[in-house]
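First, one chain by itself: the form predicted alone, in structure tokens.
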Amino acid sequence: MDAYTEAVVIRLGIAILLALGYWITAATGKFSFGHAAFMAIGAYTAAILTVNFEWSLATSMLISGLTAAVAGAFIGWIALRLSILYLAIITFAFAEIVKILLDSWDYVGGASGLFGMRGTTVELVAMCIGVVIVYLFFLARSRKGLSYEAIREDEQAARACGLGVTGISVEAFAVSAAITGVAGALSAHETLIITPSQFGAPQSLLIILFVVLGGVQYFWGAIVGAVVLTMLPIWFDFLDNYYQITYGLLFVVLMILRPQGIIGRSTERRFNLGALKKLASSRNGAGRDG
């Protein structure tokens, strides 16, 4: 594999990780507008550990994921008890605060950024994607996965059925942040230099678009969205200066023709208690087994 192809594959793999991480919180019907902050936390945590303390990349990735998860749990605990509007505002504000703090922190280079990271490989990215996909595969078939679907379809009905909506959502948000932090660590050690400007609002929006384009109902929809939006500027390089406009037109067409995303079942009923029925059956079965 030549250097260019390897760089493209790594970039694509990181985009897939970001999409899968974001899908976890989107699966509960909660949409963060500041996920780039968790990517930045993971990127800078891993970079500090590998560059300044000479830790291994693998260990630094684990620490970066844990750090991002703690930040995600804290922000989720604050925001997820409020309405969707407040969730959007708080997560967006958090991302801007993180960006401003990094911009003024001389220890990590401030606006000039931090450099000297290396070590991301295709194999390492593929391993991370494989672990996340296996986790999501079993999650989608578990009672917790049914809880996610129930909350997404009708939060009030889920509460009425006895689900701890806030706790489940905070847990999902923390796991989502952890995966995003690991993706940030891999990105930092692939681009060789990171600056606060890389983790602004456009990056958060792009992560959202991965999932919205592919569809929220199935996690492989997020993979499709990440592949399409990552490869679009490469496939159509003559649109290099216009790809954001192209994204906008693409989503206008998508919302008209397939509002559920590329991967997703079409339905005319927004109120669907299918997940709640399955969850109730699962609980009844567990009770009988006990």
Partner chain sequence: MADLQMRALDITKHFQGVAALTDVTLEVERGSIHGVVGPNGAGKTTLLNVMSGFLSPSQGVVELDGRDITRLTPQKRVPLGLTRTFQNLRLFGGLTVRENVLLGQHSHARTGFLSLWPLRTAGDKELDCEADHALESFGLTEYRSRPAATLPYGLQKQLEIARAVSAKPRLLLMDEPAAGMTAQERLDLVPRIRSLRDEGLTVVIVEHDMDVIATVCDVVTVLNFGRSLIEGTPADALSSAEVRTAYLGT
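Note that the structure is a prediction, hence the values are computed from the model and not measured. Positions refer to the first chain, counted from 1.
FYI, the form predicted together with the partner chain isn't displayed, but the following is about it.
Here the chain stands by itself, but in the predicted bound form one stretch of 145-153, 89-97, 182-190, 111-119, 145-153, has heavy atoms within 4.5 Å of the partner chain. Residue 200 falls outside the set of residues with a heavy atom inside 4.5 Å of the partner chain in the predicted bound form.
Using a 4.5 angstroms limit between non-hydrogen atoms, residue 105 is distant from the partner chain in the predicted bound form. The partner chain is not drawn, but in the predicted bound form it has a heavy atom within 4.5 Å of residue 159. Among heavy atoms of residue 127, none comes within 4.5 Å of the partner chain in the predicted bound form. Residue in contact with the partner chain in the predicted bound form (any heavy atom within 4.5 Å), chosen from 140, 205, 84, 101: 140.
Residue-level contacts in the predicted bound form: of 175, 209, 71, 216, one residue has a heavy atom within 4.5 Å of the partner chain, and it is 175. Taking a 4.5 Å heavy atom cutoff to the partner chain in the predicted bound form, none of the residues in 202-233 make contact.
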